[in-house]
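Only one chain is included here, represented as structure tokens and corresponding to the form predicted on its own.
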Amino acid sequence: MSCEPDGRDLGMNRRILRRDFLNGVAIGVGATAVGLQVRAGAAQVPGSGSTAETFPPRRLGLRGEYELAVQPLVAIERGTYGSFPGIDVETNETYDLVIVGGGLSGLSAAYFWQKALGTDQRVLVLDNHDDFGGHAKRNEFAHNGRTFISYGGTMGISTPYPYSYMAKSLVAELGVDVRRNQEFLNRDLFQKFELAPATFFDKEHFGEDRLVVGTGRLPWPEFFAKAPLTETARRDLVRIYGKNPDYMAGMSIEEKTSALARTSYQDYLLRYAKMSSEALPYFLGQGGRNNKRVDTTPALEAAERGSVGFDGLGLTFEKQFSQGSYVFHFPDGNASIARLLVTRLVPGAIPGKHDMSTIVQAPVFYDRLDDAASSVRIRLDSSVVRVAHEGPATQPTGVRVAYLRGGRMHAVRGRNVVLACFNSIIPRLAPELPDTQKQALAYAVKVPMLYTNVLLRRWAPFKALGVASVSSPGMYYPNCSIDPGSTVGGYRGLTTPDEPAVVHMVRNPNKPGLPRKEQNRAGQQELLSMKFSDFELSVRRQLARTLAGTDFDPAADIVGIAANRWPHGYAYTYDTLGDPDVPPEARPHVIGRQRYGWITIANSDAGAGAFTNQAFDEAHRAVQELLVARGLA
């Protein structure tokens, strides 16, 4: 662990493989920023016509929603653009469809529009980031003549909900055969080196730093015997993780189900299972989907997914649906799905015919995304601040869209507009929407996420400890794992411990004790308040403590870092603790996504689920609504 408060002994003053983008703001090459000296790098990116300076996947440091991308959002949320802004650059461009947001929903909306009406339809996609794909973010590390790829956002296309025929068809049309997933997995690597999951118990919550290998593999009494726990906590955890009695004896099944729906998992453990609060720190990093932690996950939801402590209650649940065949993912996660969409939309940007076997290493020419000769244009670094109908209110002729680019206000016209951005910003972008709809759009609070990728010079320290992944309930990053990579299209996953590897570190920021939506807001503010140097120092300190006892040197072994910050991350999902039980048609996301004139809404928020198939489904719905309204369907 560092003895220096500023982390100099951990390498905060060392050169590191990364771009000269720390907080999304370019600084002079060779300059020194807080905690990190910048390495100059104008090397050519093979086949792309770009240098590392101009190729977004190789821009490391603070990624995701970096500073330049979120600055306009702050002004929008303050109501700066309540009136349509003055325009500096009137582009005089008119498109059949303008799409706000270049994530998977926005890109697929462009695809569905052209599929319905033909490739001569003019479509403009505007996005406030320097890369397309939204949360489908790709990070590349170039080191010693080799490129290492990982995902900085959404990883795969699997889902707990059924894939619609349309979504399945789109995946197939993009050239992805999910049945071939087994061919690409690097699944034998960890078995070969006998690596196992582990838990890191930190001294702040458990009295001392100790890594215990074999989480879920060792018999629980043996595992907890190795952990730094009080006798009370150890006894309770062994009991909870063993065969449980009926902690709700005397209640009917219906009464149990009703009570569990209104009780958090934490309260169930403490009140019904009589677990001591001394054991609670072990559950700090656990919870449900979408940032639901032990104190915000309904106990019924925890029971349904098989969490510990419920096996004596006599409850039976219908087998949960699992689209198990759709577990496929690329080394860069869904960024390759976004790339496949771009090959169909702007072929000149990714030349050639590509499918799942070739897309990972296909060259991307970013300077061709906004080609005037292309029927679909993708305009990055363009923050939409206002949309407004033109013409009579009862029969508007189209929609005017204002966006900031290069510090100047631009305007384009669209005969139709799809808002494929997140819901909570839409009431500010389109204040003409009905008040009821704006209130519904503002209901949900996006789930904050932090996906940090760290390139290590070698992953031998993990091998020395016999671990592949580490759960750290009390640490800044509760989850840390080696990314084994996939072998696909010429890209090779990991083979030996002496080669570099990407370590994937995940945090869902929250503030225990608050309702879930308030925890999400607190997490958003946490991420927005932090600089890259804060994330970097957390990475260095945590890996130094986790890998203590090996020859790991955070100053020498950390080669590069990409902190993918998503304050406005995944779509909000409902639960029985914090959301009213209303009919499906009365859910806020259903009310909020209604078409208004020639404006429709498409994003995963509109489906109340952070899954790829829902992004596709909502894009298809939004396009169909416009086509029907125009009499074109």
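In this text, all values refer to a predicted model and were calculated from it rather than measured experimentally. The first residue of the shown sequence is 1; numbering continues from there.
If you look for the form predicted in complex with a small molecule, you will not find it shown, but the lines that follow are about it.
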Contacting member of V98, V376, C421, V342, with respect to the small molecule in the predicted bound form [4.5 Å, heavy atom]: C421
Only hit among G474, G156, P197, P396 for heavy atom within 4.5 Å of the small molecule in the predicted bound form is G156
Per contact check vs the small molecule in the predicted bound form (non-hydrogen atom within 4.5 angstroms), the hit among 528 to 536, 167 to 175, 381 to 389, 482 to 490 is 381 to 389
Full three-residue contact with the small molecule in the predicted bound form, heavy atom 4.5 Å, for G106, I425 and F611: yes
With heavy atoms only and a cut-off of 4.5 Å, decide whether F462 touches the small molecule in the predicted bound form. no
Spell out, yes or no, whether the shortest heavy atom distance between R293 and the small molecule in the predicted bound form is within 4.5 Å. no
4.5 Å heavy atom contact, T546 to the small molecule in the predicted bound form: no
Even though the small molecule is not shown here, does M449 get within 4.5 Å of it in the predicted bound form, heavy atoms only? yes
